[in-house]
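Okay, so we've got the same protein chain twice, two forms, each given alone as structure tokens, structure 1 and structure 2.
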Structure 1
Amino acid sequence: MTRFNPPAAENVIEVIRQSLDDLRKSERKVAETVLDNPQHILGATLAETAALALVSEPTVIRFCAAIGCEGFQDFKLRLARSLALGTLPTGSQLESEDTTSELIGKIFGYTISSLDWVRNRLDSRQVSQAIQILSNAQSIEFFGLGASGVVAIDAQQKFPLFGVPCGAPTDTHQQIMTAAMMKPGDVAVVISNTGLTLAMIEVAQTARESGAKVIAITGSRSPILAECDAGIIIETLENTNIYTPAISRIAALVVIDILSAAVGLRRDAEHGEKFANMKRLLLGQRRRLQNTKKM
């Protein structure tokens, strides 16, 4: 009776992909048909789906049961939910005739669905490894150029909140100097979307030679990983359109959020209380700025 544990679904599409091997031959035909064009299945009826997969209707139903759904209807609902994110960017080619509302919808939609895509491809083991290293860091330096430089600066603003002193030098000379001055116990986080930028590869090498641990955050399985102790790959869907928002930097910011939250939670017991004060100090800063104003 029991074939395998029914995967408690959240993202059906992902579940189907993972269950592919456990399915029977004709059930797999259904699975492939669904994966091939999920959007179309949404509009289709049970009979149509069966015809499309060249199987009988009950097989489709058994397929639904196999992936943990109550029935075909339930399956379609879950599918709709999964597709809500993945579907958003359809027809999101920006056009100069677009109204502002359309532009807002398209760019937000594209950003949201891209983030979903990134999430599904993020390797939690890579992230765990990075957290492990960061948790034990005495100090952290973030390195990046261009858009990745923005991410580095952002990270440098977040981590101190959890009791880790850190920096983010912005120009290549400062970066190499800082990397050269690092010492065992320190951690260097090198951010490079392409992973090809030579200046960044060099920073990674230098930091490592100085005895620091090196973590890379990059957009693909790129050369820079060879110079690092841990690497987080943020896979974004390439989009050649000029006006397309650069999703990689936003995805990287979210990863920074994850890392800082994880490190923060680990240090919670020790530094948790300090945070409330920090926030009050920041508030005070805003007041004090008024007095030091006119240069």
Structure 2
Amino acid sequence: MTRFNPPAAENVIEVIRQSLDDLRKSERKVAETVLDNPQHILGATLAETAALALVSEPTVIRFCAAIGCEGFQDFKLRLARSLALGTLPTGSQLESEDTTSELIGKIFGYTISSLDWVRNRLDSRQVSQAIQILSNAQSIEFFGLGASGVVAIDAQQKFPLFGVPCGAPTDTHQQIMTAAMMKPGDVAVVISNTGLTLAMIEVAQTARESGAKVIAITGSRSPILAECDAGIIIETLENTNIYTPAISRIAALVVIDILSAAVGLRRDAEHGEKFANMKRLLLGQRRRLQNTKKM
């Protein structure tokens, strides 16, 4: 069974954001200047960047080294790659003095931009591999805990529409028992944003040892990918400790929609008619309910 080996990611803007607290005061000035206007820095010289950040040129060089770049030119090349993929908005950190309108604007803006960030970084080859595996599945089990468990339940509601028996056990004992009873032809979809949850790694290992194909949906190049036949990395940037951001869950739900839509489109005409008939039955049920309320 071929294991998934994810490609290395280029994301210097994320590196800068996550390194802010570890940088020296002068280096942080450079970092903040870059984050404030990365497009401008892309066209700036070393001297111009130093002047914008109000630091010396050697400080800019030290900043580049601190974030893992081999000099200023290497930094600009990596910055260009990140900008080509899209950037997240600055000023999205929530503050206690924010008005309701500001909170609405920040959270909506961050969520929309984050989804675009995820879209541009999604590996279509791994998504295609997952679609192929799911299209050939005899049965599918979705596994997740916490917020990832919500995604698993959402997926379990969608895929039975395509004539495939599905489950989404929520208890860890049920999950490991289900994984142990899987067989060749079955598919386990293991959802873990961190990819570090031991219970989910054990489920993936058990399902694979039982002969099932395993798909991981995770937020980074995490250990769980070593147990999978296809690994979909949903890279998100959670930007606050004040509340629990929903972006990782929303992004995973969107990926589930992509997978389910693709599997549905691959079904034959007979299945398409059954699906259309199901929709008509649901519509009729809603109309009867509306008429009952009017009486």
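Nothing here was measured: the structure is a model prediction, and the numbers come from that model. Each form is matched to the other, and the largest set of C-alpha atoms that superpose within 1.5 Å is called the rigid core. All residue numbers here refer to structure 1's sequence, counted from 1.
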| property | result |
| --- | --- |
| Identity of the form predicted in complex with the DNA among structures 1 and 2 | 1 |
| Core-aligned C-alpha movement of E202 between the two structures, 2 Å or more | no |
| Core superposition between the two structures, C-alpha change of R78 at least 2 Å | yes |
| Core-superposed comparison between the two structures, D123 Cα displacement 2 Å or beyond | no |
| Shift in Å of the C-alpha at T99 between the two structures after core superposition | 3.3 |
| Once the two forms are fitted on their core, CA shift of A31 between the two structures in Å | 19.5 |
